[in-house]
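Only one chain is given next, in structure tokens, and it is the form predicted on its own.
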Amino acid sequence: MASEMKERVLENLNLALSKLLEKDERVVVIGEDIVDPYGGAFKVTRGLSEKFPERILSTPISELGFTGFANGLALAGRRPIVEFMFGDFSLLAADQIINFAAKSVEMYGRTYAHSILFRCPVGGHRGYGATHSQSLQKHFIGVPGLDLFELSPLHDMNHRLPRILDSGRPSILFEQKTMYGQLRIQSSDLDNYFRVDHFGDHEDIARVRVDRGADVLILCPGGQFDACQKAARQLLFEHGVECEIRVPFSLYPVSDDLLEDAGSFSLVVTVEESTPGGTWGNEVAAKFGSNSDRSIQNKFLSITAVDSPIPSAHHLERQVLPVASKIELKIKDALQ
């Protein structure tokens, strides 16, 4: 990784929020313990309440209540950003997200802007246990009017946060907790072997690949990029298998661009931390299979967490979640 890459994902997101608050007085950030000196459970809002004291609002412990409050602000023309302390707690506000925010754009007889963003720290590997470690993306897939995004070390939030709010649609941004401390990848050279570029609408899809044609196409949200990159390196060095990794910023609706030239690969793989059943990978597979121009001879592999609550003990947590060694083994076995 290039030496100039010193900005961490957390710092990039914090700066993007600060710029958004500075440029747009309609933006308000709402959530539990987000005011300094705490600055949020994962410090994403650290320093913002000193700069914008009237627009960083700490709330009581009532996800349903403060989400309803934020929806009211959105109806009144404000642009609220709601931080759930843990993404798991978004289920407490599901009624306000699914039955109100998502429907407010179109249920009044004509289209209305309802600019609201829900931020959800998700994922395991921190030893937080079954109720603080879930990846709940799949539970919001397919809700009409609700756009889903995922934070990534490959995507600059300074450009993307304003675009989300400018869309006038309610959105969820999923943020893998272990990614906050990772360095952003700001160069086209990831290392001596893999290069990075972006393509698709708004260049929202990051592509990581070797210079030659790859055997395997790995599709993963930003939270799984680190594990997939480690697996791809091992597959290249230990088994001579070349992988191309594509990381979309927009999870749902699934972009057609994500599967560009997918039929040319020997294996197409999706990787995510959600448990099996109704996953993002299922949505990608359905789009892949519905296009008759793509060869049905291609293999499709979905890698998810194990169908189990997430344990707190680190060694047990690794058995449940899709870590790099598990991804490597599953891909190697699928190619045999």
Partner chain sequence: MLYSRLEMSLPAGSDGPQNLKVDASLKISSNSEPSREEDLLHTLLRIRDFESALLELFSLGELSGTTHTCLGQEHVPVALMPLLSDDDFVFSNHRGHGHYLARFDDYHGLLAEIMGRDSGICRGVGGSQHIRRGNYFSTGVQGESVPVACGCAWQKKAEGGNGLALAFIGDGTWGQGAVYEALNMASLWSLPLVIAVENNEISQTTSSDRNLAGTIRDRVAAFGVDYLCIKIVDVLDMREQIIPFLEQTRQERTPLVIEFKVSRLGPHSKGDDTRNPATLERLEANGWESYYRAKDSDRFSRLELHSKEFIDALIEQVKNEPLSEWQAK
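Residue numbers count along the first chain shown, from 1. Since we're looking at a predicted model, the values are computed, not measured.
Below: the form predicted together with its partner chain, not depicted.
- Query: Considering 128, 194, 265, 180, which brings a non-hydrogen atom within 4.5 Å of its partner chain in the predicted bound form?
  - Reply: So the residue touching its partner chain in the predicted bound form, by this definition, is 128.
- Message: I'd like to know if residue 69 sits close to its partner chain in the predicted bound form, meaning any non-hydrogen atom pair within 4.5 angstroms.
- Response: Output for residue 69 is yes: heavy atoms within 4.5 Å of its partner chain.
- Task: Check whether residue 41 has any heavy atom within 4.5 Å of a heavy atom of its partner chain in the predicted bound form, and answer yes or no.
- Result: Residue-level check for residue 41: yes, a contact with its partner chain.
- Query: Would residue 48 show up as a contact with its partner chain in the predicted bound form if we use heavy atoms at 4.5 Å?
  - Reply: Output for residue 48 is no: heavy atoms all beyond 4.5 Å of its partner chain.
- Query: Is there any non-hydrogen atom of residue 325 lying within 4.5 Å of its partner chain in the predicted bound form?
  - Reply: Answer no; every heavy atom of residue 325 is more than 4.5 Å from its partner chain in the predicted bound form.
- Message: Taking 4.5 angstroms as the heavy atom distance cut-off, pick the stretch from 199-207, 227-235, 101-109, 182-190 that is near its partner chain in the predicted bound form.
- Response: Heavy-atom contact with the partner occurs in 101-109.
- Kindly indicate whether 14, 19 and 259 are, all three, within 4.5 angstroms of its partner chain in the predicted bound form, using heavy atoms. Per the other structure, none of 14, 19 and 259 touch its partner chain.
- Message: Do any residues of 253-270 have a non-hydrogen atom within 4.5 angstroms of its partner chain in the predicted bound form? If so, which ones, in sequence order?
- Response: Heavy-atom contacts within 4.5 Å come from no residue here.
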